[in-house]
Ligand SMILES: Cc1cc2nc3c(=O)[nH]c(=O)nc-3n(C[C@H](O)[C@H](O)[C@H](O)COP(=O)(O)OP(=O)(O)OC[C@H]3O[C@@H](n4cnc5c(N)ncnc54)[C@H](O)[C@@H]3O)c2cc1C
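To begin, one chain is listed below as structure tokens, in the form predicted alone.
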Amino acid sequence: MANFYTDNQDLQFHIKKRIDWKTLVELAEDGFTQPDGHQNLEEAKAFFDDVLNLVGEFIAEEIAPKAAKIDAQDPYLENGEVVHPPEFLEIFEAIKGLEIHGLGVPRELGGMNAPHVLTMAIAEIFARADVSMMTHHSFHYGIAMAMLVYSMSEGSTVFENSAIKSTRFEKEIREILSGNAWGAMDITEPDAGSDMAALRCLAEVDEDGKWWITGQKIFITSGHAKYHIVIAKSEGVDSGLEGLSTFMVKAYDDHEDGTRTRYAVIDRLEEKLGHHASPTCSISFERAPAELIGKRGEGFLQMLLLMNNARIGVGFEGVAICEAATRLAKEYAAERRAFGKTIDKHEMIADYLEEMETTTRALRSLGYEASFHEEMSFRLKIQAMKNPQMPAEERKKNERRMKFHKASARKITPLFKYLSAECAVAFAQRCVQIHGGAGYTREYGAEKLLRDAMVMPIYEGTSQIQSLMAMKDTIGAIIKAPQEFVRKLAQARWRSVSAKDPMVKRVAKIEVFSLMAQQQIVQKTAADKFKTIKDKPLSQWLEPFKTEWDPKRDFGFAMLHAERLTRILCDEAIAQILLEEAQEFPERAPLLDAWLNHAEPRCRYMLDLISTREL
């Protein structure tokens, strides 16, 4: 029988060999002390493998064969409610029986307490069959975990003996895990997307302390949900980011007589290029009752609590499309004959296919690195919450580890989301091209992959936002610690000429390209800054360089080259990760070699563009 887990050797490498399950599982299972939890690591790993086998077979046998038919039957609005095709409903009824909506939710709330890294593997497997159905599935587990994270962050979750005794949204979480409800994240508005300060949806509190939401949200994935996490202005529409707060809004109540009372109205469903199985809704709130989450004015910060994990999830959607596009292209090319041989034997097509396979595997390594660090940061934070009496020295160690993993996740996540999204589009397009005229028809499914891929560089933070984040953090770190940067550059240059291992030498060369690009941007930015202060007395020069930086005025050159720098940073991060893999697992060395063959000329080219192209 078909199985999207067992047929993927690269995915199995990460699950069976690469992922540090020992560290993750010991944290998740409180050192294997929970009576209803796994009693040892091997038991936990066997469970994970069983889950992936079960889900991999279900998705390959039950979802993939129906994806094209569901794609051709868009959901529609009838009497203000979303109607799905019967095949879609059958699939999600079957998923209820698998009970995977709560895979990573703590057992105390009805879940299985699996590491979140495992849910990312399932996300990839699911999205390979159909990314839009995977997206709808993710708004079960994802919103359930969001409710728990928000409750923990505001202090309304109570722990007893390292277990959750109570949490604010337990009733809602359990309902979602049952599959009878799901959630949505409502941020975007008609005139506000990436610029959250421009949001105008208004939250008002009455004299009894009750909150009411008024406004419109658009492009809301699975917006026919029962539970909506809404970002709205609580301090007036012109209060900027500081005026944003987070609210829980129940969209409707169902009554015993079969009627429904709606507090949030579905205005329309978007007619989209792809992702046809996933309803994308426009929602109106007219004094809808709401519950404040956390404190007033914390909305932007609370959004950031979830954004890293959401972007990693989208990154794995991109990996899935890359995987599906590569497989489809290879299968067609191996059968299609032209000029006396199958087209996969023609040099250009062979080169295309090799790059697609190499990059897909490299992206998967980058994704698991990001996911591991993100989860470690979360688990260590929960450990501190569970153990308020933790000894001071142990708490300091815990905080150091948490800081390291949080910084690592922040560094890698925008790179993963950026590159995965961009490659999903590029490889889906290439898959169409390899199919030729047949790829432009619906017969083979290549065009569906391209339609579904096109949103990847847009949602959960555009590729441009990811690159600006990566650039800002990278350049900011140099300005903050210039001597450390000089030391890193000198060490990388030395390794690039003196390392005994040829692979270490080649990776160091990539690091040199990256650091030289960063140096070029910093030097040009500093030179432009100097032009704004050169007419001031010398005694007044230091302060502007230390504290007076205006992102809009002073970082024009850096913003111009943000995507080029990000592409180099991606190549560097992947090279470093694949080198670690090859040093521990020699069978990974060919992948590193193949990656470097692509990365070296690409980094040289990007560095040349940064060095020569002005505003």
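The first residue of the sequence shown is number 1, and the count goes up from there. Please read all numbers here as calculations on a predicted model, not as lab measurements.
This next part talks about the form predicted together with the ligand, which is not shown.
Looking at 385-393, 422-430, 457-465, 347-355, which lies within 4.5 angstroms of the ligand in the model of the complex, counting heavy atoms?
Correct option: 457-465.
Could you tell me which one of 293, 100, 185, 201 places a heavy atom within 4.5 Å of the ligand in the model of the complex?
Answer to the contact question: 185.
Of 434, 220, 415, 450, which one comes within 4.5 Å of the ligand in the model of the complex, counting heavy atoms only?
Of the listed residues, the single hit is 220.
At 4.5 Å between heavy atoms, is residue 280 in contact with the ligand in the model of the complex?
Answer yes; at least one heavy atom of residue 280 falls within 4.5 Å of the ligand in the model of the complex.
Does residue 272 reach the ligand in the model of the complex if we count a contact as any heavy atom within 4.5 Å?
Yes - in the model of the complex, heavy atoms of residue 272 and the ligand come within 4.5 Å of each other.
Under a 4.5 Å heavy atom criterion, is residue 194 part of the interface with the ligand in the model of the complex?
Residue 194: yes, in contact with the ligand in the model of the complex.
Do residue 139 and the ligand share at least one heavy atom pair within 4.5 Å in the model of the complex?
Judged by the heavy-atom cut-off of 4.5 Å, residue 139 is in contact with the ligand in the model of the complex.
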